[in-house]
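First comes one chain, alone, set out as structure tokens in the form predicted alone.
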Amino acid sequence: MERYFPVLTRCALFQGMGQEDIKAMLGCLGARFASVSKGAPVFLEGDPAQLVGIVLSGGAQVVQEDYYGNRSVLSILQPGDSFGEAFSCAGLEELPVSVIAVQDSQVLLLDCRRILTMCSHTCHFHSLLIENILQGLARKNLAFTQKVRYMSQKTTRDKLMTYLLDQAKQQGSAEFVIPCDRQTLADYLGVERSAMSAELGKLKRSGRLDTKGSWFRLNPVEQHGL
């Protein structure tokens, strides 16, 4: 358990809390651990919307499928990221999405009902936890707005470049690694992987960028126009 405390202190849900504070909170929240193999579900669409999860190691994706089985990646989860709180706090009976592990992962699961209800011990940090959840939901709403901005671009190239430019800005470097593979990126942007691969090939040949797998390097626009 102790080895995951550095991850939990980075989690937005526990912002402002130390390791000892978090340890005390976990007992109040009915915390339990789950080991999830790569490709296996943490949650499945239709499961009861009662739990909040935190990725401790590995990684996962929040996905949604339409009637025909077409998959859309709603968000990409890395260690320290939480998930499920929006649906639990909204009072939904069933989850409208699935959460799938993309690597062998360790996940911490919390009972949302215990989060939203003050325990009998009146934990000092419980009100801070609820405040953190509200802030986290606001940040996720902003992230969803960002995804909508990508998908609203008119062409596959525009969607791709808007995303990559944002990644470079967020990571503070023209050379960066994105937190997903090519198929996941295509699903996240709402484009066909073949069309995206074709655009990446054109951009690479034109000198606009270099890439291998999840690694990218953007080259100056003034030297290589779009």
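We number the residues from 1 along the sequence you see. Every value quoted in this text rests on a predicted model; they were computed, and no experiment measured them.
If you look for the form predicted together with the DNA, you will not find it shown, but the lines that follow are about it.
>> Only one of A168, C28, L200, L189 gets a heavy atom within 4.5 Å of the DNA in the predicted bound form. Which one?
In response: For this set of options, the contacting one is L200.
> So which of E45, E175, E65, D181 reaches within 4.5 angstroms of the DNA in the predicted bound form, heavy atom to heavy atom?
Replying inline: It is D181 that has a heavy atom within 4.5 Å of the partner.
> How about S194: is it within 4.5 Å of the DNA in the predicted bound form, going by heavy atoms?
Replying inline: Contact with the DNA, yes.
>> T156 versus the DNA, in the predicted bound form: is there a non-hydrogen atom within 4.5 Å?
In response: Because a heavy atom of T156 falls inside 4.5 Å of the DNA in the predicted bound form, the answer is yes.
> Would K204 count as a contact of the DNA in the predicted bound form, using a 4.5 angstroms cut-off between non-hydrogen atoms?
Replying inline: Within the cut-off, so yes.
> Of these, 126-134, 148-156, 106-114, 85-93, which stretch puts a heavy atom within 4.5 angstroms of the DNA in the predicted bound form?
Replying inline: After filtering at 4.5 Å, what remains is 148-156.
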